[in-house]
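In structure tokens, the next block holds one chain alone, the form predicted on its own.
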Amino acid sequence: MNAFWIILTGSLVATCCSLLGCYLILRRMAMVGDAISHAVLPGIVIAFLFTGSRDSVPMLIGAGLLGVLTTFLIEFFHRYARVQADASIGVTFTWLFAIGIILISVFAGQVDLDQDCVLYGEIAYVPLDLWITEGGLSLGPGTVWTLGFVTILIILFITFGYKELFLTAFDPAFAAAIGISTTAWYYSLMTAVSLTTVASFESVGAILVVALLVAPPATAYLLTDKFKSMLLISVLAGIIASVAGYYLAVWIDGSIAGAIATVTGIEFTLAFLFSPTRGILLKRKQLQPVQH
């Protein structure tokens, strides 16, 4: 049963991250997830200082607020300081992450927090975090319920905002011309990314969240020219990586999150080499001169 919960958790995270990652790749902001996962550290520390509790709810609220602030600062530096997007991402997350480390070091006697534990959760511990009712009924891991709720929200967000998200990603000038607020949809997308990242990294780890935000969408990008197909292929690649990664970790007796991330890299490599339209090997084969 533990294997089921671990694979289900990985699949839920893969679904959320893969769907949102497609939009991030098209906007050339693939590393925003990495920035958010590091920048939320001061929010977690501040939430603990205010509440004195390490319960998930205040931690998620504090981390979520910092995640939204991170996306705001990235856009602010990029738009008003005219810094390149990748540079604004790097400056923002390193600055906020450093503030989090300083807060932990200053309040080390009062804060019983470990930044490595906070940022790099272990997916293997998911089955231990059971949600037990007052009557003693076990409803399964609380993480699965949280991620299930987030997954539903992300699917509804993309379903009802598909046109707006599509246009603002592919042609923001046209979207603005027909009355779509590109700024509002940008922050809506970044809020969704922040919610997904914060809800996921506590249980599966920041590295795995970043891998699932980038690798499955990048794989899908190489395999299709249709955006709807890209979304579906991305989710499928993420789920396959979750299943295959778990059994790879069991086989080699290694890190589950590391194994899942490794499988996403293998998937991308295979698409890079053998994609019918963009595969390097197939392109070379097509370009070879015909022998007479």
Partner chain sequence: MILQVENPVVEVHDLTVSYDRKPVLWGIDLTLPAGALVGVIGPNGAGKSTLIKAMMDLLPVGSGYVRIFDKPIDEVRNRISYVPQRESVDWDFPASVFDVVLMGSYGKLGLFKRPRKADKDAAMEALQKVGMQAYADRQISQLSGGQQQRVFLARALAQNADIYFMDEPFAGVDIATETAIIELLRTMREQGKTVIVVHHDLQSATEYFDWVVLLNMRLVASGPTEQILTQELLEQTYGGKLTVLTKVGELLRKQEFPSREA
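As the structure is a computational prediction, the values presented were derived from the model and not from experiment. Here, rigid core means the biggest group of C-alpha atoms that superpose within 1.5 Å across both forms. Positions refer to the first chain, counted from 1.
The form predicted together with its partner chain is left out here; the points below concern that form.
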**Message:** Can you tell me which of 187-195, 83-91, 160-168, 142-150 lies within 4.5 Å of its partner chain in the model of the complex, counting heavy atoms only?
**Reply:** 160-168
**Leu248, heavy atom within 4.5 angstroms of its partner chain in the model of the complex** = no
**Prompt:** Any of the heavy atoms of Tyr221 lying within 4.5 Å of its partner chain in the model of the complex?
**Reply:** yes
**Prompt:** At the 4.5 Å heavy atom threshold, is Ile233 in contact with its partner chain in the model of the complex?
**Reply:** no
**Asked** Does Gly135 reach its partner chain in the model of the complex if we count a contact as any heavy atom within 4.5 Å?
**Response** no
**Message:** Looking at Ile101, Ala124, Leu130, Ala176 here, can you tell me which has any non-hydrogen atom within 4.5 angstroms of its partner chain in the model of the complex?
**Reply:** Ala176
**Fill in**
Contacts from 17-36 to its partner chain in the model of the complex (any heavy atom within 4.5 Å), listed N to C, are Leu26, Arg28
**Request:** Align on the rigid core first; then say whether the Cα of Tyr80 has moved by at least 2 Å between this form and the one not shown.
**Result:** yes
